[in-house]
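Here you get one chain, nothing else, as structure tokens; it is the form predicted alone.
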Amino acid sequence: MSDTLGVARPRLDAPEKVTGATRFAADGYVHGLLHARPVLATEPHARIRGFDTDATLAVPGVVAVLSAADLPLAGTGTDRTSEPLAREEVVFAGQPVALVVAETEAAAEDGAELLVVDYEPLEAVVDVEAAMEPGAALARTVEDSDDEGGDLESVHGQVDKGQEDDAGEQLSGNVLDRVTREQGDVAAAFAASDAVVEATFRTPWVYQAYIEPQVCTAWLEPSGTLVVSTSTQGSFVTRRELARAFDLPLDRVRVIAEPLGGAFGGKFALVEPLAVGAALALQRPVRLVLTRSEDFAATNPASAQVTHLKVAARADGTLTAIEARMIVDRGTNAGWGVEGATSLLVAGPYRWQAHDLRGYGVQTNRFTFGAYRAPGAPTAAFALESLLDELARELDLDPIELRLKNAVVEGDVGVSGNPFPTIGAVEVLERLREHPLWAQRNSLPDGEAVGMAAGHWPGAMEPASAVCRVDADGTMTVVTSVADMSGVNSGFAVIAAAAFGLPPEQVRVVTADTASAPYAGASGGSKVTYTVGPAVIRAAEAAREKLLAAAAQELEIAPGDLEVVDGVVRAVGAPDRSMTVQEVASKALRFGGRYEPIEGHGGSAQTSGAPSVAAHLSHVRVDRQTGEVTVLRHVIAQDVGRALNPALVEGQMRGGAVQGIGWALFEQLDHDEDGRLLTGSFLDYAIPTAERVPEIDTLIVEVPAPDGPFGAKGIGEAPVVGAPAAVANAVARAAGTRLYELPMTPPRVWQALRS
């Protein structure tokens, strides 16, 4: 096992993806396939009076124009699964209102351009703070029904939502959810503090910017089974959502999770109801592949947020009180929001004597809010970590030392009211403090500075299962239902190899569909390795027991006296008495074989969390003449539990840091004053490209998770959390003034320098 774990290896799917051999969801052939093209609303809020379909139906190849009434939906819910096409009321510009289905993609596109929709405009609600005021216009005039049955919130985090705020605050009907977390006498704590700082922070809507736009193909088998081939983060959650929306038995819905071309939280049963509804209505296979502009306009980016935050500390740096009012723009998502998560995470991985934290989920006429890597966390960390730097400046303290003094350790009670499990906040901050860049921070040229920030993600739990099967050639196949979004299959190969006793090169991992796969949750929330990994271990161990039982009879040695090392079953202490795994397997898997097939099933149901902490250093240069910010160097230290494959771990760390730089400096989905999207392509929406990102130093910190597979924990979310704040703190120091709104674009920095 020592030669298996902790060794950097390439991803199992790397050769196919690098050479272009991977077949993604849009690449499969289906006989008789029709192509769908959505017609997107041009109004942010309106009633649909009707459609003029004559010109569209006259286009050669167009088969049908489908409205909401044409889809065989089960209920009247207003979530995107239950209402994939707007029924009577449009609630955001970009909402699908109709589908044009044709024999070719070109015909569908031509027909969609000719479809005329008659709208009755309604007042659009686009300012999230104004939307909260009593008497504000409502973003949706049709009441939401109770069948918001989807549970998409659970796939990204296992966070306590707090309690509903029943203090009698008067708010409009646009406020869908209020949570509050209170402990201690906050007013007294502020009054007794030596430094108090407060500010209002604003963060924008942010697009996930995955490489592959949303895509789905649906068809009916002769048996009546609905088959859905899709680019999704979770096959079982997609199956459940589709069965709910169309009132189908689960066993009549088969979901195939195709290889993902990126997702970052955005691919959960969003386009599938459109393709499925069309396939059921027309009784023919239908594929929907969003164009990039449609993907920008019609999907589910990270929500905008306004955070009013106030924090305080004593002269020695002890944090005393924190007070937050966090307003989350849910857009049109009535089903769930991140006000619970962000109001928890705004406290950071730190101890507080008293807290009053409030979160508000507000409906507006903007996109359908969805998940994005660490939903609610980067916005919270941007506010908190900015003010912690302000406290350090007020008290003349080292910023890292201030955080170290207050960093939580195992057993400390957080603002959730629960004690923290094993957590590596102290170890991560200490590792960052040792980096040479931090020592150089006071000797940089004018206009340059180093900032730091930290953040954490609590992780999540969900039951999972896996199967491990040894074939006659001595290789192992691991079967799960996990969508491999970030290389987790390569991690499963290492886990199975270490648990069974094979070289990782002799293990392959297969993602099966919902008709045959063991259950596992969606890929999201940094939970897949942590929850499915133990199931893989148990499945491999169960297979190993059968291997040893067969080998014991062949070698005439008790199973307890045998071990499996590098694909060889041998006597403990007498390695010359041995058989290869292949020899044992070949004796079992043949006509007349005397032994059970060498395979095992394993399950897990984690009940303890495993938070991951990441901290960043960012070295920036600010051009005082133009306001342009250049990131010169970036460092990330992260507690990963145990690095099963350091190459994959470092990839996650670098990827999260790059996305955080995008949050800090480039990315913003901008609308006009009426709520229409202005930045609907990569010509207008900037992301951090290769020439804009420096080398990123990765510092792996290992604080093993007691219940994780070989000590590993989920690590995908934490790298992005503190990165925007680290850049912001560097910019504040280099510019001599602080910005409270992201992204910190050249015009905003230029204006701040002159204000």
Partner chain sequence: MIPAETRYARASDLDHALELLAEPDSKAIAGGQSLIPVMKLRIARPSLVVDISRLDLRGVEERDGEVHVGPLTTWNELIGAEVLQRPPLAAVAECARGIGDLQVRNLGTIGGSVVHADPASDMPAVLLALGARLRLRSPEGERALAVSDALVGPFTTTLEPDELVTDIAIPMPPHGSGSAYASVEHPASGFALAGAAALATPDGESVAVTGVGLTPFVLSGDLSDAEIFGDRFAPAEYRRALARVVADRALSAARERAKVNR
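Positions refer to the first chain, counted from 1. In this text the structure is predicted, and so the values were computed from the model without any measurement.
Keep in mind the form predicted together with the partner chain is missing from the figure; the text below concerns it.
| task | Tell me, out of Thr180, Thr475, Ser193, Gln668, which residue has a non-hydrogen atom within 4.5 angstroms of the partner chain in the model of the complex. | result | By the 4.5 Å criterion, the partner-contacting residue is Gln668.
| request: With the partner chain left out of view, choose which of Asp561, Asp251, Glu628, Glu129 has a non-hydrogen atom within 4.5 angstroms of it in the model of the complex. | output: Selected option: Glu628.
| query | Within 4.5 Å of the partner chain in the model of the complex, do we find a heavy atom from each of Glu221, Thr529 and Ile537? | reply | No, none of Glu221, Thr529 and Ile537 comes within 4.5 Å of the partner chain in the model of the complex.
| Where, among 108-116, 221-229, 278-286, 319-327, do residues come within 4.5 Å of the partner chain in the model of the complex by heavy atom distance? | One stretch meets the cut-off, namely 108-116.
| request: Determine whether any heavy atom of Tyr350 comes within 4.5 Å of a heavy atom of the partner chain in the model of the complex, and answer yes or no. | output: It does not: once the partner chain is placed as it appears in the model of the complex, Tyr350 has no heavy atom within 4.5 Å of it.
| Does Pro747 reach the partner chain in the model of the complex, with heavy atoms at most 4.5 Å apart? | Close contact exists here: in the model of the complex, Pro747 approaches the partner chain to within 4.5 Å, heavy atoms only.
| message | How about Thr291 - does it come within 4.5 Å of the partner chain in the model of the complex, if we only consider non-hydrogen atoms? | response | Output for Thr291 is yes: heavy atoms within 4.5 Å of the partner chain.
| Applying a 4.5 Å heavy atom distance criterion, does Asp576 contact the partner chain in the model of the complex? | So Asp576 does not count as contacting the partner chain.
| Listed by sequence position, which residues of 675-689 have a non-hydrogen atom within 4.5 angstroms of the partner chain in the model of the complex? | The stretch touches the partner through Leu678, Phe682, Leu683, Asp684, Tyr685, Ala686.
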